[in-house]
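One chain comes next, on its own, written out as structure tokens in the form predicted alone.
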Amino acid sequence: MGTTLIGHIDSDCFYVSCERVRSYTLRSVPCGVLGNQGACVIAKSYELKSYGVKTGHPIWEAKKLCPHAVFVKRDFRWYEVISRRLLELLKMVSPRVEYYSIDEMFFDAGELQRYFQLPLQEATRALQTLVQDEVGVPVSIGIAPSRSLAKLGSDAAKPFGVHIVNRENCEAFLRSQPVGELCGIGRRSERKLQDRNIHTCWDFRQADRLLIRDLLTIKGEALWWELRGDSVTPIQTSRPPHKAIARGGSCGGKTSDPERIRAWAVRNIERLIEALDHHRVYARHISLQIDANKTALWLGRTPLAVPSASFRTIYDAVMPMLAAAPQDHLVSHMHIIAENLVWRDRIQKSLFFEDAQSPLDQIKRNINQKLGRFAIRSAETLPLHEIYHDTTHNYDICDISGKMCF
């Protein structure tokens, strides 16, 4: 089912806005949200941004720029609560909603005027006010014939604005937007386009379609059509099955300590098995990626004898890869990736098929579901004592299911 109007709703400084929902004292003051190690700013209010604080700034630099700012640690469980409130409210207004990310959603805007009994501009404002009143977070909204135009509109409307892209204002709007603002155009693509004298989104739209396809492949061509108002990518109301599932991230700072590196690997294995259980899939391959300064340092891949979500099987696949990785670099990040996934209820078992999970795996899962995440965990994660004393480590953004991202 198609629609002639697509909406994009984007929360303004979402993490900070969520914190302000439960703490009035944070309103109107410079506020930043810190990452799980408490070292870097991962989100900031517009007040804090005005002091020059940027995402990724270390806390000590942010404090120099704004000594009276307030900083809080991230809490993804709470952010998910707010995000799902927004999702449910939007489903009341629109027949189809795509849960794109924790703070962004696409929706069918075709029913907006009928729902609010107002012209489109006023109806969009009414939706914005409804979200502010019912959910408590400020949002910006773009409405357009395609999702790329709608997202461009909401980005341009920030903060707390609405922008309707229509036939009458489209050219002037696209002329005002640098081509790098387009979702899907990275710096390398932007340079390619600028070399061809394509600087604005209007230049992109007016360029030869085959030239764009030659420069940016079929994805670039899809953007070209979308900027002309032809919707190429439909709204997806449910997430397609994962092709791969990964768990990992920062190792809490650079380290060469083999005990800590091994402990992070085991923790990531436990998180990965939890995700495989949630999605009801087994893995046929396991990969391990080791990063130094966020640059891939080493990547190993091991096929499994049978599809599995067993701790012992995945552990036995990961540890030899970890031992084979270079030992002479400080490790900053690590990811363990389950690939070539298969649905658990679609496996044709043979006489030699081993149970994909042991009774111990099942007992561990049942207890953790009842008593709390990581209530039972491997003793090999003991060197990470600091993260088990801080509840902000217990839930990550990738643990929020159903959204298109992650």
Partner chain sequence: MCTAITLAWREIPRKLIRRFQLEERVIQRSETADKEILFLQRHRQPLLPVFYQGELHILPWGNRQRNSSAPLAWWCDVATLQSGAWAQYHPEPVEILANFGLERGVWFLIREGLQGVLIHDQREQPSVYLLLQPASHYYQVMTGYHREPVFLGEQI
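Please read these numbers as outputs of a predicted model, since none were measured by experiment. Numbering follows the first chain given and starts at 1.
Below, we turn to the form predicted in complex with the partner chain, even though it does not appear here.
From the list 57-65, 377-385, 333-341, 364-372, the contact stretch for the partner chain in the predicted bound form under a 4.5 Å heavy atom rule is 57-65. Proximity of K73 to the partner chain in the predicted bound form falls within the 4.5 Å heavy atom cutoff. Proximity of L34 to the partner chain in the predicted bound form falls within the 4.5 Å heavy atom cutoff. Taking the partner from elsewhere, V29 is found to have a heavy atom lying within 4.5 Å of the partner chain in the predicted bound form.
Not displayed here, the partner chain is kept clear of G52 by more than 4.5 Å at the level of heavy atoms in the predicted bound form.
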